[in-house]
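Here we start with a single chain on its own, the form predicted on its own, put down as structure tokens.
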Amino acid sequence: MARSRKYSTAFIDEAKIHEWLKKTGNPEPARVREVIAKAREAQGLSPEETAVLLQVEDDELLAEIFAAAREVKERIYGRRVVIFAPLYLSNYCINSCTYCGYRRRNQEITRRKLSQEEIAEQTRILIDMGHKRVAIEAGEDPRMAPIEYILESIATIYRTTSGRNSIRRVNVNIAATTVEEYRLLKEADIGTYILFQETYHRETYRRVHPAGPKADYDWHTTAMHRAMEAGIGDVSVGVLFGLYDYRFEVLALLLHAAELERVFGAGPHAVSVPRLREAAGVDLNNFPYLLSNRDFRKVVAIIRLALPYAGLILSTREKPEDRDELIALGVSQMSAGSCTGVGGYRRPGGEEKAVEERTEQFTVHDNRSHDEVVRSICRVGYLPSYCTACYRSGRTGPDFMRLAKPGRIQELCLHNAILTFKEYLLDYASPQTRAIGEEVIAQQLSTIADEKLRLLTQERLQRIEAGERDIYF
């Protein structure tokens, strides 16, 4: 695969990041509150302003940061949480990432690649759980999981149905590739392209990626440039928190977002915040930058304030009680009922999870069912959403940002979230979840100030109750 060097990584200015952190060390409370006040305007923060908040250790000031994050999250995204599930296709990998269970020489996992028939069955299981969007994942192996396999898998997922339902959007998390291959993904009608930077700190990146194509920092770091050049409007970046100093990583992530906006007119559609966790053959004692729960909450809240327009994605790496709390601090997308093993989804009463345990990429800390996660989201006062309308209506990239930045995206998203959640309640929810879910829908309907839109939403809810599906604004 020819590797074009069209884009530079000079935008990750490590010296500047360290300068900001040095300059803002031990900030005065008045300065911290000044930055918090600006953050409440939901217009974002500069890296230096963000550095001020990252230095805060005082509990009272942290509480004010958390309160501001709640306010900004609801101002931009309302009280919605988008639900998705990962679907692991293959764990063959030619990289040697020291933090990952998929690394090439790890003998503690079983290597597996799904056939198209198995992908269809995994998709049907996810549909029957109530999912409408999936994120496909695959290790980097040009022989076992070439782009042709990924494209065929996407097509399989889209054409698979169960009853009257299907997966409406496939997001893709695969290794950095060429503009030509990103164009193929675009033509396959993907939603968001996802790629974790893992760490922006060049020396740490070199150390944790000792071999394999992923060891090329410049190629990996400019992947989103190539994806957006290829026409993929929505990209999702992320840091694997725990590899290096979280303060450095957050500031570097902001520089990455700013560069994408400068070049392409839109920053990342979403930011993932995975935290380094246990994995087969991985010794966490080798990683001195592991985050405490307190620091992780701070990271989530500050990213929400610094990038108010971006979705914040939380995986099942976190425990149930932590996930419930992090929703209020800025998380707007969450996986539910997830399996991180290849072929790990099982029908109720089916095989044991032995396959998943032998093939998983990392340890899952939230083992609740999809329905249990949905019910929990409702209990903490939020609305689960299965909406995929923006992708199918062309509201991506700069078009999405023109709605998200002023907070207008929720004018569409609230109505669509209500409609898609109604589908879930009718088709898949347990009686307990349906009861609390109907209460949440009624409460959210009451917040629609425009009477015409509220009545139109109620009319569409009646159509869904009568059997229609996939109605959206």
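These numbers come from a predicted model, not from an experiment. Residue numbers here begin at 1 and follow the sequence given.
Only in words, not in the display: the form predicted in complex with a small molecule, which the text now covers.
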Heavy atom of each of C100, E137 and R277 within 4.5 Å of the small molecule in the predicted bound form = yes
message = Even though the partner isn't displayed, in the predicted bound form is E181 close enough to the small molecule, meaning a heavy atom within 4.5 Å?
response = no
task = Check whether Q361 has any heavy atom within 4.5 Å of a heavy atom of the small molecule in the predicted bound form, and answer yes or no.
result = yes
task = Using the partner position in the predicted bound form, report whether E198 sits within 4.5 Å of the small molecule, counting heavy atoms only.
result = yes
query = Any of the heavy atoms of K214 lying within 4.5 Å of the small molecule in the predicted bound form?
reply = yes
message = Just to confirm, with a 4.5 Å cut-off on non-hydrogen atoms, which of R323, H256, R168, R317 contacts the small molecule in the predicted bound form?
response = R317
note = Checked I125, A175, V237, L312 for heavy atoms within 4.5 Å of the small molecule in the predicted bound form; positive is A175
task = Choose from 301-309, 160-168, 263-271, 361-369 the stretch whose residues reach within 4.5 Å of the small molecule in the predicted bound form, heavy atoms counted.
result = 361-369
